[in-house]
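The form predicted alone is given below as one chain in structure tokens.
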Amino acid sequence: MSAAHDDLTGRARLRDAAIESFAAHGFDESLRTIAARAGVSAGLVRHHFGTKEALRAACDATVLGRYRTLKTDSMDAAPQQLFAQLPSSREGGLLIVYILRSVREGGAAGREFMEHMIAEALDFSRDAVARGLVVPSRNEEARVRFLVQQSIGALVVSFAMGPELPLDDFGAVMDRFYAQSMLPTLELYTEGLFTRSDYLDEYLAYLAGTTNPPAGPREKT
């Protein structure tokens, strides 16, 4: 039992070192560098994961799991409690940078990671609607996909325009994310933007005359 526990602990330590390495320097980081960060030999990385692709898949799954926990905790916390914990979060910054790197890299792994993020967000959105926290959508999946893509796109632009901030300073990354996005996000999500529904009404009327109209009217809660 002790040997099995040590093996699991070593695997987790390597995985977490890889998450930090990939976030800090990108997915070209060598197994030798990852092993050095974890304080073990490169051969031990291959022993636990076999290939770099398998290590990356384990990291992706872990980041998605931690992102889900972060979102769940945020939804379950009262606003006062949530903003009392607002100062920099290294863990949150690490997740943001890892997600950013994955999407910017593109390729099959990046696309798969993005689709997993959208699926996770769709679960959260449906739960939030059921709990009365979020208004329902005429097309929940389309709304979620747009919001996730918009959020990631904003991150890409933000970091591209501010290269002076090193991405491996995860706490500072989280500070800037809060400072730049929290107020406008909450304002738009809470109060909306247009004062009248003219544009939406006209677009829905236009779609009603097409051969492929969207999902039916939004359900009332």
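Predicted model, so just to flag it, every value in this text is computed and none were measured. We number the residues from 1 along the sequence you see.
Absent from the display: the form predicted together with the DNA. The rest refers to it.
Remark: none of the three candidate residues (Ser125, Arg131 and Glu140) comes within 4.5 Å of the DNA in the predicted complex, counting heavy atoms only.
Only one segment in the set 62 to 70, 28 to 36, 163 to 171, 149 to 157 has any non-hydrogen atom within 4.5 angstroms of the DNA in the predicted complex, and it is 28 to 36.
Although the partner is absent here, Gly192 is not a contact residue: none of its heavy atoms lies within 4.5 angstroms of the DNA in the predicted complex. Within this chain, Thr51 lines the site of the DNA in the predicted complex, having a heavy atom no more than 4.5 Å away. Interface membership of Ser181, defined by any non-hydrogen atom within 4.5 Å of the DNA in the predicted complex, is ruled out. Residue contact with the DNA in the predicted complex: Val40 places a heavy atom within 4.5 Å of it.
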